[in-house]
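Here you get one chain, nothing else, as structure tokens; it is the form predicted alone.
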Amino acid sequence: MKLADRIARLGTETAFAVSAEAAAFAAQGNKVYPFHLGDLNLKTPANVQAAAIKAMQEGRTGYCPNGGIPQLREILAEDVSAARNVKYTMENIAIQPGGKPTISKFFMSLMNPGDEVLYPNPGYPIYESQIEFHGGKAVPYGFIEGEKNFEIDTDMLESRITPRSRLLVLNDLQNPTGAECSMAELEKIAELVRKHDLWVLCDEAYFDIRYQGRSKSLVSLPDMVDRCIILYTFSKKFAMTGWRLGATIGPKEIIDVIIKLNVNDESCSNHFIQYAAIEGLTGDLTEARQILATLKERRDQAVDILNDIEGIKCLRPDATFYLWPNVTGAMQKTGLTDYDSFRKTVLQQTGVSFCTRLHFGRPLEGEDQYYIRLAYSGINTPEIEKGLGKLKAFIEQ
């Protein structure tokens, strides 16, 4: 069999390989502390579940409009508009089966073969995969470790813009670093977008996963709402990762194209789950708020322990459910000087499973610090304490 040439350009999420290693280690009778995968072990709010069941019982199990049911599109437009101080209508909304489809449909709608796309590195690996799969040139930009948060290296970003640059991927409230753009960063990015006539994918999957303050969006800045496509997902806010429901939000001319792609790809998103999403947006938020409270407790426990380990420095992000600790000193202390040996040895010796910098893109030239990613969304607080306690003992022994 000869596969299509484009398949050779298709990447993957190597975090799933880490998950498989952890599962194999656990199958041998070992205890695993799972910090590797950004899934949630928290229940979807009961009222959201009940709304889906009710919709099924009422017969909402067939096809529905390709762009989503009008009721959800209208309610989501109001919710997103209020949070970002812009004005969207249902014509700016295309419901999707999860957050990921927005990534590929953004590139299919706006990128021609050979176009350059600026994307974050470290970052969600599907950006690079989809850019290259669809024939674009992936151009990475990096981050700088600041005093309180990671910051986009805007000088690097600007230096990598060329006449062939067409698109920019901005994952604010970022996976894997937890980085959140300051207003100064957003203003600089907006300036570059205007100057170079770029379209922007604003991946805001974690916009509502924050523990203090308010999230900001590039679309709120002058002229940006007509240049940006927002990736929206219900997965995080309502612990609905397996429900597979999200939305593409942006100018009508692009949303019309996205809906046409919906027709070709999956016809429509799940019908009855859209009624669950309506309940999430308009109903009782008590359990949704408890999800945030639980995640905050886990974040604080993990950050406190990590910063008490010799050779590790961990910032305390106000959003997402990821930590990106600097483990350069810890690796030097243990004599494990490459990522894979450090990760695998820690798993074998302590049961703590995590991803490293290598799972989020190829290291950029000049990187001399080492980082790992810990997701605390799928591990309870007592297990965080036990697992990271074993990590501390291993590193400091």
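One rule holds for the numbers: they count along the sequence shown, beginning at 1. From a predicted model like this one, the values you see are computed outputs, not experimental measurements.
Although not depicted, the form predicted in complex with a small molecule is the subject of the following passage.
Asker: Is Phe207 close enough to the small molecule in the predicted complex to count, meaning some heavy atom within 4.5 Å?
Answerer: Contact with the small molecule, no.
Asker: Do Ala277 and the small molecule share at least one heavy atom pair within 4.5 Å in the predicted complex?
Answerer: Output for Ala277 is no: heavy atoms all beyond 4.5 Å of the small molecule.
Asker: Tyr127 versus the small molecule, in the predicted complex: is there a non-hydrogen atom within 4.5 Å?
Answerer: Because a heavy atom of Tyr127 falls inside 4.5 Å of the small molecule in the predicted complex, the answer is yes.
Asker: Consider Asn262 of the chain shown here, and say whether it contacts the small molecule in the predicted complex, taking contact as heavy atoms within 4.5 Å.
Answerer: Looking in the predicted complex, residue contacts with the small molecule do not include Asn262, since no heavy atom lies within 4.5 Å.
Asker: Go through Arg84, Lys236, Arg298, His134 and name the one with a heavy atom inside 4.5 Å of the small molecule in the predicted complex.
Answerer: Only one listed residue qualifies here, and that residue is Lys236.
Asker: Tell me, out of Ser109, Thr294, Asn171, Asn92, which residue has a non-hydrogen atom within 4.5 angstroms of the small molecule in the predicted complex.
Answerer: It is Asn171 that has a heavy atom within 4.5 Å of the partner.
Asker: Please identify, from 147-155, 92-100, 110-118, 222-230, the stretch that has a heavy atom within 4.5 Å of the small molecule in the predicted complex.
Answerer: Of the options, only 92-100 has residues within 4.5 Å of the partner.
Asker: Should the three residues Asn175, Arg244 and Tyr322 be counted as contacting the small molecule in the predicted complex, with contact defined as a heavy atom within 4.5 Å for each?
Answerer: All of them do, each having a heavy atom within 4.5 Å of the partner.
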